[in-house]
Structures are given as structure tokens and as C-alpha cells.
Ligand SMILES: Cc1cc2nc3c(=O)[nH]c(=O)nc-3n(C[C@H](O)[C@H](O)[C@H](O)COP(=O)(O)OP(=O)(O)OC[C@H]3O[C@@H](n4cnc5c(N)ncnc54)[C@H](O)[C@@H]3O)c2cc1C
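Given as C-alpha cells, the chain that follows is alone and in the form predicted alone.
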């Protein structure tokens, strides 16, 4: 009987793990199943472009994984039983099982269900604000922006990467709108001096009003209300204050961090259940100096590579890699013709260098396109389809992965 590996989620991390596993393990020994709620791969790093009215190319997962040996299941994950090693599935319409059985059994699980927008329990966010954590939210914001006439007021709440990319994209695409950005502290506080100067210059050029040191206490249908008692009028509020891990993990026996992310070791393996690996936003892994890796594509793909290589090594008796994960830069788009490339230390602290402008925008586009290409072309990985053997740590179907 083949060893059953189930990968949950086909974002940057899950799809990368599936493709790499297909190149590392022999198809006669393993059964790889990738579960995703949508039939298409979503380029999450481009959702601000989609919301601003740009069209993104369809990326069917079936085409991406054709001929790889990975079986695609289009279904929603409704539960994971880590004691029985099963995954409960339903279709998009709630029908049990979607295009197959309502339950999948696994021997090794790669959990990559990602994250959703974190409303921080601020009143009115769920009812009145738009989010950019998924394609559905981006499309709803797109429709709302399209319905606004000249002078329509848009307020983006949150000064992180998502907020900055969203506010600049909207302001550039719709110069007829009154666009504002509300940030809790200093604008671009994590950037170097050069990065902050360039960011302010672009926001000034685009006519974006910046409200610094602004805590948002409530969102209504027509305004954003601040903790200090102020009001910022908003015909459309966009909430970009961070992400929260997918809630499925919280209903399992997996050990979680205080942020609801799965606790993993340096090989991306659950610290409580050795037959489960977690990657991307779903997992909390440490960087080279013990700093938690941030939720990002830049973290998710390397985490997926490391998890896949460790699964393959443990199942085939190979050397278990312990590759430290770190950062080189943060690439921030500022509309289609500008960007900042903020160089950082391996633990994600800003260096002085932060080139910006049109060349930076081209580089940022190369990074986005390269991230998709990496996911969509698993054939790039060296073909080393190793066999599972009892002598080298083969885990027969129905038993736990060995330590």
C-alpha cells in the first residue's frame, strides 16, 4: 500500500510543497493529494491589483500539476482529526466531499491552509470594511470601487506591506478618488530613512492623505472612527492590519502558538504530532536569530521547500536538512511604475539601502512573476525520486512517521 501524503492548501507554500514532493519521491511508493478550495492558483501578492480593477491571468491548478503525479481535490477542508489522521472535506456549496470522498486518510500531512484578514475584534470591520486576504475579498472591493464616482472617499487602514501596496495602487488607478491611509504609528516605521523618504514622496505625488498615530476604534458604513474621537469619512474602508491563521488548526489537538499558528521545529514538523508538517502562514517558524518568520510569500516558499525535503529524507533514510531561513529584502510595489526594494538583515531588520523608482518596480514585478513561476513549474526541481525502504525509515500506510 502506498504512503499517503495529503497537502492542504494550494497557495504559494502548499503548491510549492506538493510540486517538490513529486520530484523527491517515487510515484510507486507514494500517493500525493493536494486539496484546495478553488480550482485556480491565486497570486495573493497581486490581489491589490485585482481590487484596483486590473485583470489577472487565470492559473488553473489542474494545468499546473498535470503530469506531476499530484492528484488535485477541489474541496473545502472542514476539519482535521490528527488522532485518526483524517481530513474532512466539503464542496464550495457545502455538499459533502465535493468531487470525491468526504474524508481523506493520510500517513503524512502537510498543512498549508494559510491565513485570513485579522479584524482584531474592532467593531464594524466584519460588516463594513473590505479585505484583501483572498480573491473573494479583492473582487468585492473591486466592485465597490467601481461603483464610486469622482470624489468618492476611500480609507485604507493599516500601514504594513498590504496597506501601502493597496493605497498606492488604488490612488494611481483612480486619481479621481479621495484616498487616505490610516496608520497606528509612524508611516513606514520599519523602513530605513531612504525608504521612508521615498514612500512619503510617492504618497504625496499620488495625493494620498496620511493619518499617522491613528488607532481605529470602529468602522461604520460611512466612516472610520478613531480611538481619539475623530472621524475619517469613508465610502469604502479597506482593512489591512494583518492576518490571522486559518481557524481549522485551533479545532485540532495540534500544539499552537499564542497567535493560533502551528508550532513547528526547524524542519517544519509539528512539535506535537510528528506525522504533520506545517508551512506558510499556518505555521510559526523561527528565523536565524530566533525571530518568528513573518506571514509572507518570502517565508512560505522556503518553508515549503524545507518541509518537502525533510518529508522525503525521513521517508527514504536520507540526510535530514536543517537549513536556516532568513531574508534578503522586502519588495514593496507603489503602483505600477514605482516601488521600494528595502534591503534587510537575515532577521528582517532594515539596512540603509532602499532603492526606489521605476527600476525598483521592474524588479518587484520580476519577483512576483518569479514566485508564481517557481510554484507553477515543479519540473525545475532536480528529479531525485527516491524509493521508500524499511531499512531507511519507510513508514507503512496507517502508521506514524518515525522520528
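Note that the structure is predicted; figures quoted are calculated from it, not measured. Positions refer to the first chain, counted from 1.
Beyond the structure shown, there is the form predicted together with this ligand, which is absent from this document and is the topic of what follows.
A.B. asks: Flag this candidate site as yes only if 36, 48 and 297 all have a heavy atom within 4.5 Å of this ligand in the model of the complex; otherwise mark no.
C.D. replies: Yes, each of 36, 48 and 297 comes within 4.5 Å of this ligand in the model of the complex.
A.B. asks: Name the stretch: of 197-205, 217-225, 250-258, 105-113, exactly one has residues whose heavy atoms fall within 4.5 Å of this ligand in the model of the complex.
C.D. replies: In short, 105-113.
A.B. asks: Would residue 11 count as a contact of this ligand in the model of the complex, using a 4.5 angstroms cut-off between non-hydrogen atoms?
C.D. replies: Yes, residue 11 is a contact residue.
A.B. asks: Would residue 162 show up as a contact with this ligand in the model of the complex if we use heavy atoms at 4.5 Å?
C.D. replies: Although this ligand is absent here, residue 162 would touch it in the model of the complex, with heavy atoms inside 4.5 Å.
A.B. asks: Give a yes/no on whether residue 122 approaches this ligand to within 4.5 Å in the model of the complex, heavy atoms considered.
C.D. replies: Taking the distances in the model of the complex, the answer for residue 122 is no, it never comes within 4.5 Å of this ligand.
A.B. asks: Even though the partner isn't displayed, in the model of the complex is residue 85 close enough to this ligand, meaning a heavy atom within 4.5 Å?
C.D. replies: Taking the distances in the model of the complex, the answer for residue 85 is no, it never comes within 4.5 Å of this ligand.
A.B. asks: So this ligand isn't shown here. In the model of the complex, which residue out of 246, 211, 130, 273 has a non-hydrogen atom within 4.5 Å of it?
C.D. replies: Checked against the cut-off, the match is 246.
A.B. asks: Consider the chain as shown here, without its partner, and state which of 236, 312, 75, 293 has a heavy atom within 4.5 Å of this ligand in the model of the complex.
C.D. replies: Of 236, 312, 75, 293, the residue with a heavy atom within 4.5 Å of this ligand in the model of the complex is 75.
A.B. asks: Going by heavy atoms, what in 319-353 lies within 4.5 angstroms of this ligand in the model of the complex?
C.D. replies: Result: 331 alone.
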